[in-house]
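Heads up, the chain below is alone and in the form predicted on its own; it's given as structure tokens.
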């Protein structure tokens, strides 16, 4: 293949959607590379429904959603190359690829990184105890179940956010009973309908304000030690499977090696509302930028980046719409802990800002201020950890472009 106009790294929802937007607007050739053997990203391992609601306005299973995004991109003229890893971004704009046919170098007009995120495994969470079989992250669990491998019979799920309830459904699909969900927060962090179904429909007990303090088992997991953070009591739950969910970290190796500026709170590349990074010609979208969000939201950020780049391409020439990122820094005040994007031009603000909170809070009013001057307010529907708190980008439209950092806080 000749050098593509745009090379997209990652064939998940964000990458495939961005590629579709570019190709359908006449930008090409567009090449998507992914190290996996199939396109579609994480959803292809999730048999349950609920995918596609945010971006396609319909509900479908994860595999069906993944296939739809891949087919749509290919029909628009996007070329997808699988089992291929992007190993380096050169200072001259080149990108090195390693695949079944060996190593090659390309010089695309622009690069869009959509490499996704992963969950921290048990070792990174420093959970002590034995080292038995039967310990998974949600992603590992989904791949085992999709491959028909035996998982176990009794499982403990560590976490109570969206992905934890996805793990419960995956275990159910594999014929595994979830005997407990454990979270160190005082209640679940998913939508009420999911929590109700797990508690009432599947009879899964939630151990809130608790944490896993040890795994026991010789050869195979036998029990999980759980400590109640309120009383200090320790209970051993009989289980041969434990699934560690959430605690996301972006797959940012390629971005870091390329020297992109990183956002400290998310550990993803620093971007503006259109996906532009600190390096001209390089954009980023999806879970790489906001780890832990839904597949639909990742696809929407890919759509935004693709449309913006295509529009700038037509008016300013190839690649010129790809950065570098400029604008005002946006920061959060505790208990808020992150905001995406963290750089915003008030004259060209994105449609929304995504916030995260460390704790549950009764304070629902987000206040934007700059240099002690209030810019605007927005009332949240909820203030829940591990879930996006969406506020309109217009909240900071009154900011002075030369006035310094914008702060977001709860009142």
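Positions refer to the first chain, counted from 1. None of these values were measured; they are calculated from a predicted model.
What follows is about the form predicted together with a small molecule, which we do not show.
The partner is absent here, but in the predicted complex a heavy atom of 293, alone among 247, 293, 240, 161, sits within 4.5 Å of the small molecule.
Exactly one listed residue, out of 353, 366, 42, 30, brings a non-hydrogen atom to within 4.5 Å of the small molecule in the predicted complex: 42. Not displayed here, the small molecule is kept clear of residue 19 by more than 4.5 Å at the level of heavy atoms in the predicted complex. At least one heavy atom of residue 116 is located within 4.5 Å of the small molecule in the predicted complex. Though the partner is left out of this view, residue 36 does reach within 4.5 Å of the small molecule in the predicted complex, counting heavy atoms only. The shortest heavy atom separation between residue 283 and the small molecule in the predicted complex exceeds 4.5 Å.
The putative spot formed by 271, 339 and 376 is not touched by the small molecule in the predicted complex; no residue has a non-hydrogen atom within 4.5 angstroms of it. In plain terms, the part of the chain that comes close to the small molecule in the predicted complex, with a heavy atom within 4.5 Å, is 139-147 out of 201-209, 103-111, 139-147, 124-132.
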